[in-house]
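Shown below, as structure tokens, is a lone chain in the form predicted alone; questions about how it binds or moves come after it.
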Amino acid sequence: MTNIAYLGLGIMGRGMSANLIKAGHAVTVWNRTSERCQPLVELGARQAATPAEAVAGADVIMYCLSDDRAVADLVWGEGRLIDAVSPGQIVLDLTTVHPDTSRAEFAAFAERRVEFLDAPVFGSKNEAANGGLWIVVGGKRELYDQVLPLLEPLCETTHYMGGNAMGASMKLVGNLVVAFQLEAIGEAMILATKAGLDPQDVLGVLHVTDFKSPIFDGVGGALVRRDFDVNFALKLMLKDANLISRFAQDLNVPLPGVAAIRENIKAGVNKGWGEENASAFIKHLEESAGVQVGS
């Protein structure tokens, strides 16, 4: 049993902390909105009033927050995690952030003789709840090997990507692929609808061909049902698209496709769909084409 402090109980944090409790670990939870802690307390967690209280005596500290700003606020801002940690503790940031943020975290925690891994996750609400995430990790290899048993209840697979910030880098590379898949299934289903094809027949072909994808299955079916209930919010997908664009700019890598997709995501957010699922930007493409999939 490991003493774990889990900070931040959004969609992802709730699922991950619950799985850590079910795996038999002693978990202390903290969230800015304290009411979110109650379901975890009912599972056996201890609730802390502040980040400092949560991490006192913890072996490992984990957090998966909304963006770089939220991480900075927890570590250096209002949360003052950097002042609360103790030498020998291990910090895992499971957030999708720019690699520069991971580098800054690594340096800051190293000054406190605290170990750090950037360990962002692929997956959303259902995967977090069911322990089916995919985790990409950057940092010391021996530290990755040490924490691997703690990650296993959270995920289907883990992948060691190299030194500090390599997990964060891989997450942005992967999210680039996700963005293209969402754009592709949206454009394909809209074209098929306007051509008079039955959407279910189209999905049947996509499900078995050599370009099949779980995203095509899930998002395609939800699009036909007009289901945009949030698993991963569109506003967060815009955050990720902006991170990818900034990352590519840092490395002088042209990403013309991502630039076009980001404009479609922006349009969806500006139309008020930011709190809906990431696939909601496809509605903007539908409006441009004058059709609605599944209608």
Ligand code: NA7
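The first residue of the sequence shown is number 1, and the count goes up from there. Everything numeric in this text was worked out from a predicted model, so none of it was measured.
This protein has a second form, the form predicted together with the named molecule, left out of what is shown; the following refers to that one.
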Heavy atom within 4.5 Å of the named molecule in the predicted complex: which of 238, 65, 244, 40 fits that? Just give me the one.
65
Interface check vs the named molecule in the predicted complex: of 249, 33, 270, 50, the one with a heavy atom inside 4.5 Å is 33
Can you work out whether residue 11 and the named molecule are in contact in the predicted complex, taking contact to mean some heavy atom pair no more than 4.5 Å apart?
yes
State yes or no: in the predicted complex, is some non-hydrogen atom of residue 70 no more than 4.5 angstroms from a non-hydrogen atom of the named molecule?
yes
4.5 angstroms heavy atom contact with the named molecule in the predicted complex for residue 102:
no
Which among 105-113, 70-78, 84-92, 207-215 is in contact with the named molecule in the predicted complex, heavy atoms within 4.5 angstroms?
70-78
